[in-house]
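The chain that follows stands alone, in the form predicted alone, written as structure tokens.
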Amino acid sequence: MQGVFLLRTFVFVCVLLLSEVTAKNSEDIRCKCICPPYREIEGQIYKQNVSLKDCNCLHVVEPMPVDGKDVEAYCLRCECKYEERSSGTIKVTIIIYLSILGLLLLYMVYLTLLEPILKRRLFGHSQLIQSDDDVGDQQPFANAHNVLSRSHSRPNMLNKVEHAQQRWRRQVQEQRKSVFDRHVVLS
């Protein structure tokens, strides 16, 4: 029930943000003029939200720091550039990034908290205890494949997935032994 609420809230926020994407913000377009020092006037950067045709010193530099005939000389030294960005694309990229980050966080919580609890409930506490010779050599659930292969109540596909997961865990454990114990790096 809580998961459905979170999913609906997430979808609502995504729709709300994406509806704003279609409208062009005034911050998405601007003209930026960089004016170097001129006589006693310090160099400055001016920004205005103007159209491409109005992107010049006369429309962007306000207030004009010089008077009369010096305006043309001052404006010739200024470099004006028209800049346009897509805030919609930026928002969508951030939403996707945060969604992936959230999914990875949920998966981490599942792996650290829920998976051991579910394994204990499924296989029973007595089957998870390792013998003294195996301590440190294998993962705590390394015997899960044997229990699964004897289980006829579980669907065949789930057994295949569990088998692949256990095989992957054994490979990772072997690689750890090779690198840290034997100091051998795979070629």
Partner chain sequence: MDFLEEPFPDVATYEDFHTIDWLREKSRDTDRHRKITSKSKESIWDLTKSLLDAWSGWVVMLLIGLLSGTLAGVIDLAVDWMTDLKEGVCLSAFWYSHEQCCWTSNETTFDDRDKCPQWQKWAELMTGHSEGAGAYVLNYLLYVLWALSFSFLAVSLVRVFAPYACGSGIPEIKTILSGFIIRGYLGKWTLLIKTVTLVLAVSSGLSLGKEGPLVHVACCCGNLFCSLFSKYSKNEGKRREVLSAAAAAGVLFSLEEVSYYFPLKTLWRSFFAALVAAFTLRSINPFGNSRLVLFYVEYHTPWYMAELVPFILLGVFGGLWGTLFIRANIAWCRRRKTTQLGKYPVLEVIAVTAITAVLAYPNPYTRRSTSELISELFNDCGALESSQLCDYINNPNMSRPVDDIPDRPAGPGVYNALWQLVLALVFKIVITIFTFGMKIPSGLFIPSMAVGAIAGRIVGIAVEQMAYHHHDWIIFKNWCRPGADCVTPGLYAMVGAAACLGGVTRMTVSLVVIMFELTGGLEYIVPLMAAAVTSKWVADAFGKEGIYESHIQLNGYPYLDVRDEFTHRTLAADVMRPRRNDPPLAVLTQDATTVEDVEMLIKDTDYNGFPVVVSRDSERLIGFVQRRDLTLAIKNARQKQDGVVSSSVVYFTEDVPQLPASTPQPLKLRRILNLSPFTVTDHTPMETVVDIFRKLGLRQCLVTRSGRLLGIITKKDVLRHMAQMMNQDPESIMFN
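If you superpose the two forms and keep the largest set of C-alpha atoms that fall within 1.5 Å, you have the rigid core. Keep in mind that what you see is a predicted model, and the values were worked out from it rather than measured. Residue numbers count along the first chain shown, from 1.
The same protein also has a form predicted in complex with the partner chain, omitted here; what follows describes it.
- Although the partner is absent here, residue 69 lies well away from the partner chain in the model of the complex, with no heavy atom inside 4.5 Å.
- Within 4.5 Å of some heavy atom of the partner chain in the model of the complex lies at least one heavy atom of residue 29.
- Although the partner is absent from this view, residue 44 contacts the partner chain in the model of the complex, with a non-hydrogen atom inside 4.5 angstroms.
- Using a 4.5 angstroms limit between non-hydrogen atoms, residue 118 is distant from the partner chain in the model of the complex.
- After superposition on the rigid core, the Cα of residue 112 moves by 2 Å or more between the shown form and the other one.
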